[in-house]
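One protein chain, two forms: both are listed below as structure tokens, the first as structure 1 and the second as structure 2.
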Structure 1
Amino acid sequence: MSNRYAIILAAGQGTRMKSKLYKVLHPVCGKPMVQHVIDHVNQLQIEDIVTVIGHGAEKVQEQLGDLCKYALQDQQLGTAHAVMQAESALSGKSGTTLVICGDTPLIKAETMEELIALHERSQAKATILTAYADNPTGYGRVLRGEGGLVEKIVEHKDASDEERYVKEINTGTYCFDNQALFSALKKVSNENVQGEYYLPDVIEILKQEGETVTAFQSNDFEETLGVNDRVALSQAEQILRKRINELHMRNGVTIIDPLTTFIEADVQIGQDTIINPGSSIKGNSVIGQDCLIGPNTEISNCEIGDGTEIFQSVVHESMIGSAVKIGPFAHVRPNSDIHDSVKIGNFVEIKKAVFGKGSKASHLSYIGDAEVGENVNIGCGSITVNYDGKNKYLTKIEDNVFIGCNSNLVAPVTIGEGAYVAAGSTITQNVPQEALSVARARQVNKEDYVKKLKFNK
């Protein structure tokens, strides 16, 4: 195996997206396109990855961090010009260079690996990944000559009517002999309809020099989709969503309706978990085994144990234990830590709160900035009053506490272990362990008072 390098082209503005966001940063299944590309490239054994950045350079760099080196393309003069910017990073090195566009997020690592393997086997100077498109409009066409050998690639805009009938397209992914690539690039001109330096022209140049150029034909056009506008973006989303869902199903997850289930690329789900329709699972969420998720549930960046049930609820950036029951219509906001066997019931909102094992807030509560111990029962309608208009304060509820319905716990306040708070109380001072705290006016019944009212005849 020779040395391997990769160049990712990500400097374009993406005019056809008509967007403030640079094209390669548009997410597909929750992850920027260029991140998909680099994650796939990273699965190969590549010595140096150079990403060519230009439009939105800082944003792209911020996204990819130290996963690669960077080359700046100040002016976007075309894909050949873009690759040339990587010269100082790679020039003179011997080996194989994979070039891939930042707008083809669906090309799998296995396909790249097969392309590189074919390239190395055939000792070619260039190997193009091609595919057959039912509708090849917009793509470069692969023109083959005698014996079916690749002659050159012609861009859609430069192609004759006859050439436009060709359905074999350039996917924008290639392998090159590194040294041959950089010497051929110097010969690329910009005499074409777009006035750009086209990378595909390198193929014809190498061919004319008598070098071997081969093609690896993918049998899956969907995989090679190039995202240039929002229509293609939605197609990419659909294709990837299907791929992700199928992967989970093959791993033992039941997805009742894959068409309405949106699972982002990096989510992990354990066996025998069932996902009901209308659910979105996002970010780096990790869901355990035997869970029941949905319907109509949104989970993002959560770690969830085994056997937990989340119905019709929204759960963000939190830790959720095993055998927890959440919903329906609950909202768990960021930085919450819900331990095992907790119940967060109907219309309950939790924010930045710890819930100890077995505790319950079953109905209509707001618990924010709180530490709730184990086996606590928070009665219907009780809330933590965590905000004085300026600052937020902590409410501590120790183990085995019982909070009666419709209580206000005005923070900062601590309810000692085993204490009871009477229903309807507004608690402004700490409650000692095992105490019963009643903090409301005593009831007065005025017998026959209604009869005395003037308006009552």
Structure 2
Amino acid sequence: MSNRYAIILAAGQGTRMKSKLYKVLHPVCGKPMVQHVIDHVNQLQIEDIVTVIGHGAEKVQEQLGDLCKYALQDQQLGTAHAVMQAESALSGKSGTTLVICGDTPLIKAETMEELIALHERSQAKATILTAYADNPTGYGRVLRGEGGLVEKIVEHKDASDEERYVKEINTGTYCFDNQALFSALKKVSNENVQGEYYLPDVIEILKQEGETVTAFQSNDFEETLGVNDRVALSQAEQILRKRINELHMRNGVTIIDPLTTFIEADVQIGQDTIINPGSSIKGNSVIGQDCLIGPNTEISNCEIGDGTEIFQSVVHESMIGSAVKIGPFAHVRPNSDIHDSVKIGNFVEIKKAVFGKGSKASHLSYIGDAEVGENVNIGCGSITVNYDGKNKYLTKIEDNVFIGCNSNLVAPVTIGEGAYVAAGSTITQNVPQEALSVARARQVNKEDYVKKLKFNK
């Protein structure tokens, strides 16, 4: 196997997106388009990846970091001109160079590998990734000759009536012999209406020099979709979402209604987990086996153990143990750590809190900036009063504590192990172990008082 290189074209402004966000950074299934491309390319044993970026593309560098090298295209003068910008990084090296656009997030790594493998087997100077299009209008046609070798690429506007019947189209992804590529690029002309340098002209130059040009046809036209506007962006989202859902289902996950289930690209889900309709699972979430998720649940960047149930709730950036029950209508906010067998019930909000094994907050509570021990029961309507208007403070509830309904725990405060807090108490001082704390006014009944009130009757 020869050395392999890749050039990712990510310098286009994307004016048709009508967006302040750089085109290749628009997300598809939760990940920027260009990140999808580079993640696929990174599966191919590539020695050097060069991403060609344009002005204002610092955010592309922020996104991709040190996953690749960068080349700057100061002026947008066409695809061949963009590839030329990688010359200082790759010129003179021997091997195979993959050229792919940063707005093609659906091309699979397997397809790229097959493209490169055909290129290397045939010892071609260039190989084109093609696809079969039922309606090829607007696409460049790939015309093959003897032995299936490529004769030329003809743009739709330049094609004859006979050539327009050809349904094999150029996808804009190529493999080249690296040295032949940069040699041919020096001969590309910009003598056209747009005054730009076009990469398909390299194919014509190589053919004129008698070199071999081959083509590999993808068996899936959809994967070659280039995203140039919001309509294509939504199409890419649908295609990739279907692909992701099918992969999970084939791996043993039950998805009741794939059309209303949104799972982002990097999510991992264990076998025999059931995802109910209206659920959205985002980021780098990892969900264990035998879980029940949804309906109408949002999970983002969480790690969830086995056998946990989360329904009609929102859970973000938190650790959730096994055999946990969350919902309905619960909200677990970032930096929470919910241990095994915990119950977070109806209309309970958890924020930056640890819940020990077997503890419960079943109804209408807010627990923020807290350390809750094991086997703690937090009664309905109880809250940690963690904010004084300027700073936030910690509430610590030790093991086996019972917090009565409608209690306020004013932080910083510690409730000792095995203590009881009476319902309706406002606790402002630490409670010792095994103590009963009652912090409320004594009840006073004034008999017959209502008769003295002058209500209109």
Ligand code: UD1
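Numbering runs along the sequence of structure 1, starting at 1. Take the two forms, find the largest set of C-alpha atoms that superpose within 1.5 Å, and that set is the rigid core. Every value quoted in this text rests on a predicted model; they were computed, and no experiment measured them.
Visitor: Given that just one of these two is the form predicted alone, which number is it?
Guide: Only structure 2 fits here, because that chain is the form predicted alone.
Visitor: For Gly283, is the C-alpha shift between the two structures 2 Å or more after core superposition?
Guide: Not so; Gly283 is displaced by less than 2 Å.
Visitor: Any chance the CA of Asn192 moves 2 angstroms or more between the two structures, core superposed?
Guide: Shift at Asn192: 2 Å or more after core fit.
Visitor: Look at Glu317 and decide if its Cα position differs by 2 Å or more between the two structures after superposing on the rigid core.
Guide: Result for Glu317: no, shift under 2 Å.
Visitor: Using the rigid core as the frame, report the C-alpha movement of Gly147 between the two structures, one decimal, in Å.
Guide: That residue's C-alpha is offset by 7.1 Å.
Visitor: Core superposed first, then measure: what is the displacement of the CA of Pro136 between the two structures, in Å?
Guide: So the C-alpha of Pro136 has moved 3.7 Å between the two structures.
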